[in-house]
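Only one chain is shown below, in structure tokens, and it's the form predicted on its own.
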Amino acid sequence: MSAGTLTAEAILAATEEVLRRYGPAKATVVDVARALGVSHGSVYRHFPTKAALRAAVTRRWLERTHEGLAEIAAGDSPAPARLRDWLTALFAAKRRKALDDPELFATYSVLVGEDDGVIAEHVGHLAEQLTRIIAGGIAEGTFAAAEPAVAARAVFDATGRFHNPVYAAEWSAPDIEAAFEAVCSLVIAGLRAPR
């Protein structure tokens, strides 16, 4: 690849492969450039620092991991069903990533820990989606919450065992599905408007 045709997307794809091959502790910008057949200066024209490159690849991974969640949040099904579907999709996506490719998941867990800004931004997007679902439930009379954004963050925190990478080792436990269903049911019941 020539430096003239080098794109940010190509660099991110190569970075992911380099991270897979060498791990986050040993992967360098020079390794990425070598994989692309360009100078490391060409990579730095797109990403000014190694940290910026690693943050971009982390952001890309998080976005791919959570594809479809925004569509669920924006759907028109009743809010309780939408909330359950959203939480189920989030857990399934995280679990799939952790169990299908544990080495790459571990690599991204390290990268996620390096940049709080990427995580804060990402969690903010997820909380906005939850807020939309809860606000919709309030509007339709199925949920009662004084502040949808506060309730959304509480839901996110209450379900952390099923999406926070710290708990990934538990996601293959035989009783994890039952535990997830119990927490979902409890959260949804807690949001329900009195009849």
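Each residue number is its position in the shown sequence, starting from 1. All values derive from a computational prediction rather than experimental measurement.
Below: the form predicted together with a further copy of the same chain, not depicted.
Enquirer: In the predicted bound form, does residue 47 have a heavy atom within 4.5 Å of a further copy of the same chain?
Expert: Close contact is absent here: in the predicted bound form, residue 47 is far from a further copy of the same chain, nothing within 4.5 Å, heavy atoms only.
Enquirer: Just to confirm, residue 155 within 4.5 Å of a further copy of the same chain in the predicted bound form by heavy atoms?
Expert: Result yes; residue 155 sits at the interface with a further copy of the same chain in the predicted bound form.
Enquirer: Would residue 166 count as touching a further copy of the same chain in the predicted bound form under a 4.5 Å heavy atom rule?
Expert: Yes, contact at 4.5 Å.
Enquirer: Answer yes if any heavy atom of residue 161 is within 4.5 Å of a heavy atom of a further copy of the same chain in the predicted bound form; otherwise answer no.
Expert: Output for residue 161 is yes: heavy atoms within 4.5 Å of a further copy of the same chain.
Enquirer: 51, 70, 30, 150: which sits within 4.5 Å of a further copy of the same chain in the predicted bound form by any heavy atom?
Expert: Partner contact (heavy atom, 4.5 Å) among the options: 150.
Enquirer: Is every one of 182, 191 and 194 in contact with a further copy of the same chain in the predicted bound form, taking contact as a heavy atom within 4.5 Å?
Expert: Contact check passed for all of 182, 191 and 194.
Enquirer: Sort through 124 to 132, 166 to 174, 61 to 69, 38 to 46 and report the only stretch with a non-hydrogen atom within 4.5 Å of a further copy of the same chain in the predicted bound form.
Expert: Within 4.5 Å of the partner lies stretch 166 to 174.
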